[in-house]
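First, one chain by itself in structure tokens, the form predicted alone.
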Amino acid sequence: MKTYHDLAGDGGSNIIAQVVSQREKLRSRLDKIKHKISLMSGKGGVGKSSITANMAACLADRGYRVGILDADLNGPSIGHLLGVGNDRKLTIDENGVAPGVGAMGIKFMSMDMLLPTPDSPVMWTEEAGGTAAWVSTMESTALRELLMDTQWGELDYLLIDMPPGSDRIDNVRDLIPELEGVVEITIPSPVSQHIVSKSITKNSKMGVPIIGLVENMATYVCPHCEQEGKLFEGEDVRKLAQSKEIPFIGKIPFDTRISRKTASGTLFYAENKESVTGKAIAAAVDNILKFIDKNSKR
């Protein structure tokens, strides 16, 4: 039996050419997208996907061509938020996979579109004994394929809705070296701020540009009278931004309508941009665009 060291070259597998081809294909997709931004948090339950979808709606409302990559492979929700169910059939040709198109013409790709039924979980191995390292490798491969095989076309902005935790940003940076920055999202609760603080610290040490910190669910807004009240007790999130020396770019009140489908099937922002929460989303987007304008080379 021959060992790996006995084989000449790649043993006929042509693996090097395959890797080069994949890189070129991914690069050709990404080169058509002007700006790539990740939205992340150290933990779940902060409303990150809703904020991502509504920021995309704000950008689309201003005439930008926008796409969302749902990088939360195990808990995808972007398709649902954009009004597209996972019963949509994928269209595949020699050029790749056509993305979903949701409210306001926002393109997206999500693991939800690949699952057989609405309640199907993502199973990375047939057996429960799959190691964490193996699962992580498969997640990274799946993310690469979602990026590489999707026909994104020409986009001004690709927003990447990250899963909970700070470790997945490593995979995204490997795939998108030109990632322009991350938006960190927290809620006012001390636990959320404690965990997002770790995410900020890691990104800073890795040299990941941090666009700024957004405080979601900062207050509660009555959808009928627009009066605000406190939702959580906690330290001022501005103090966290100051201590980490990053910009505080948004304070977004919680409006119960933000997670519901509107009568027309579009997003909250599209029909409520003059509301307190709608204006807060727009203000946060303004700050993101200022960062891009100041730091972008494109």
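Just so it is clear, the model here is predicted, and its values are computed rather than measured. Note that residue numbering begins at 1 and tracks the sequence as displayed.
Below, we refer to the form predicted together with a small molecule, which is not included among the displayed structures.
Practice task
Name the stretch, out of 176-184, 98-106, 139-147, 214-222, where some heavy atom lies within 4.5 Å of the small molecule in the model of the complex.
Solution key: Flagged stretch: 214-222.
Handout entry: 46, 237, 69, 58 - the one with a heavy atom within 4.5 Å of the small molecule in the model of the complex
Key = It is 46 that has a heavy atom within 4.5 Å of the partner.
Practice task
Give a yes/no on whether residue 272 approaches the small molecule to within 4.5 Å in the model of the complex, heavy atoms considered.
Solution key: Close contact is absent here: in the model of the complex, residue 272 is far from the small molecule, nothing within 4.5 Å, heavy atoms only.
Practice task
Mark residue 267 yes when one of its heavy atoms lies within 4.5 Å of a heavy atom of the small molecule in the model of the complex, and no otherwise.
Solution key: No, residue 267 stays farther than 4.5 Å from the small molecule in the model of the complex.
Practice task
Would you check, heavy atoms only and a 4.5 Å threshold, whether residue 248 touches the small molecule in the model of the complex?
Solution key: Flag for residue 248 set to no.
Exercise for the section: Would you check, heavy atoms only and a 4.5 Å threshold, whether residue 259 touches the small molecule in the model of the complex? Expected result: The answer is yes: residue 259 has a heavy atom within 4.5 Å of the small molecule.
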